Ligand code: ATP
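One chain follows as structure tokens, the form predicted alone.
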Amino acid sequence: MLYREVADFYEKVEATTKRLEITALLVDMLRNASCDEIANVVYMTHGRLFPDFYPEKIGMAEKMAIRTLSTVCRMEQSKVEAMWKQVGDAGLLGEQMLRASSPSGLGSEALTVNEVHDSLSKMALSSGPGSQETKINLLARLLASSTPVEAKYILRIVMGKMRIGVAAMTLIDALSATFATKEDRDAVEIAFNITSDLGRVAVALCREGISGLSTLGLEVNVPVRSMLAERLPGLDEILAKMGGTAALDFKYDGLRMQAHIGDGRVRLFSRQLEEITDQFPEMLNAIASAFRGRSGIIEGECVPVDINTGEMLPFQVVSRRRGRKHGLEEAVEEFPVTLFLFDILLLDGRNFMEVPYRERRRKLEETIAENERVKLSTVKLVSTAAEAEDFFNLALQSGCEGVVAKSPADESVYQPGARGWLWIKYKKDYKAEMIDTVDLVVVGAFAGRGRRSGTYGALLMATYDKERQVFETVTKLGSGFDDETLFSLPDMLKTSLLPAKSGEVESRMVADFWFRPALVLEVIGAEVTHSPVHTCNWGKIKEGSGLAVRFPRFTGKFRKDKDAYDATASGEILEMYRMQLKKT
């Protein structure tokens, strides 16, 4: 398949915001791809080269891309840099420059999909001395063979900003429609949640149809998308929802971590599928020592602990360990952590996701020999509201956020990537009128005035509607920021800045600045209320009205462990609103 054919599909996708039209276009594109190239088509359409959990990224800085365009189009670097600042989109700039330097609009060679992917992969895998020049030369050769439209999307992939609004769930819709049926969609999503690899799912479907998914199972060193919890405002309601009995598990305020043990080594992955093995070197021997099996996948919460008192510390402390390349030994000493394990997914080749929670918990207890750094989470089976309240208070006294209630029923399997009523979280924040903190995405901002001149006066925050695959505005956020954080926001958000509103965002408000949905903030508010201006759950409660978070305040927590698509769902805001009505 020629890459220019794929680029033409991207042009059509970018020109519409209608989900059904986007899906139909993707189906047409996938049908034109062979089974030997479909994985690469899927990865690049998602703005990637490899599965999410692969560490390799192209890693090309703006200056390197500017140098490449300068070389290919024979233009002074300073002029390219000035144009870059004006256009704000590497892809559009590359398209404009190649169109000007090649009026016919034709590249010197017809690039295939696999040729483009191979060249970009070599760029990503290039490291060490001379790697910058290697990357520039590889990109220059690609651009020299590209049409202007091809160059647009090649540069966007290189810079990590595809801007066509195709999320993983949209690709799952398209793969289901191409190789199976609408009824098979859930099976396709489950395969993706288990493998975390859309390309691999696409190849299995292309070669064998829906039956091909049966070959995709749990594997050590392939991270699983984490199971998520629903929420309710009271412990009595949680017990009622679970049939009168629930296993309450401490809800730790830390970093969710998946440990993969096999072939004599331990690898660690975050909830976002990022490999974090090198960031927690002290945990590797501790986990290997605690684990009694040959191989497996276990899951827990990595929590910072005060070296003087033994008390658990808040999430912000463990976040100081993230992404460190220097001073790691000092960080290990200064911010030691303990892994509290709460689930087992795979043990010696047996898939435990398919067995009930109580059996998983027993197997976890049999498999783990606790040590100083690896512990089992604290759990208690309760059947009365009084027992539940006592355990909840114990969790708070122990330094936890609250509890997670887990169904002890036979159908309580581990559901990768899903949020359901088999797990229900209950936090101390529920004592406020708004039953929980929410994780909202920055999609826009308003210019600051007075003492906030030079930064943003407020941020436009959104939830994510998973059904419609759009971000819906839910509040303007201006409280809870200290001055240092407030004035760091423009720099923090500059890589997400867009010239216009993203096609993934629905807003009735006009912001001064628009951003690609990426940065997630934890927010608490007074209540959820009707709004004539915010689009969250528009028309679902009242015609001509959405829902909004009233009197929002930033808690100080940047949710770097969450992708924009994992932010609080619009449906959760709707449930919070309904719970408020019940309480009143």
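In case it trips you up, residue 1 is the first one in the sequence shown, and so on. Predicted, not measured: the structure shown is a model, and the values here were computed from it.
We do not show the form predicted in complex with this ligand, though everything after this point is about it.
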Next item on the list: Indicate whether Ala229 is a 4.5 Å heavy atom neighbour of this ligand in the predicted bound form.
Entry: yes
Margin query: How about Val404 - does it come within 4.5 Å of this ligand in the predicted bound form, if we only consider non-hydrogen atoms?
Written below: yes
Notebook entry, point to check: Might Lys251 be said to contact this ligand in the predicted bound form, defining contact as any heavy atom within 4.5 Å?
Noted result: yes
Check: Does the 4.5 Å heavy atom contact test between Arg256 and this ligand in the predicted bound form come out positive?
Finding: yes
Checklist line | Candidate stretches 203 to 211, 447 to 455, 396 to 404, 67 to 75, one within 4.5 Å of this ligand in the predicted bound form by heavy atom | finding: 396 to 404
Note to self: To verify the annotation, which of these, Asp173, Glu301, Asp197, Glu95, has a non-hydrogen atom within 4.5 Å of this ligand in the predicted bound form?
What the structure shows: Glu301
Note to self: Within 4.5 Å, heavy atoms only, which of Phe471, Trp423, Tyr153, Phe392 is in contact with this ligand in the predicted bound form?
What the structure shows: Trp423
Next item on the list: Within 4.5 Å of this ligand in the predicted bound form, which residues of 265 to 295 have a heavy atom? Give them in sequence order, or say none.
Entry: Arg271
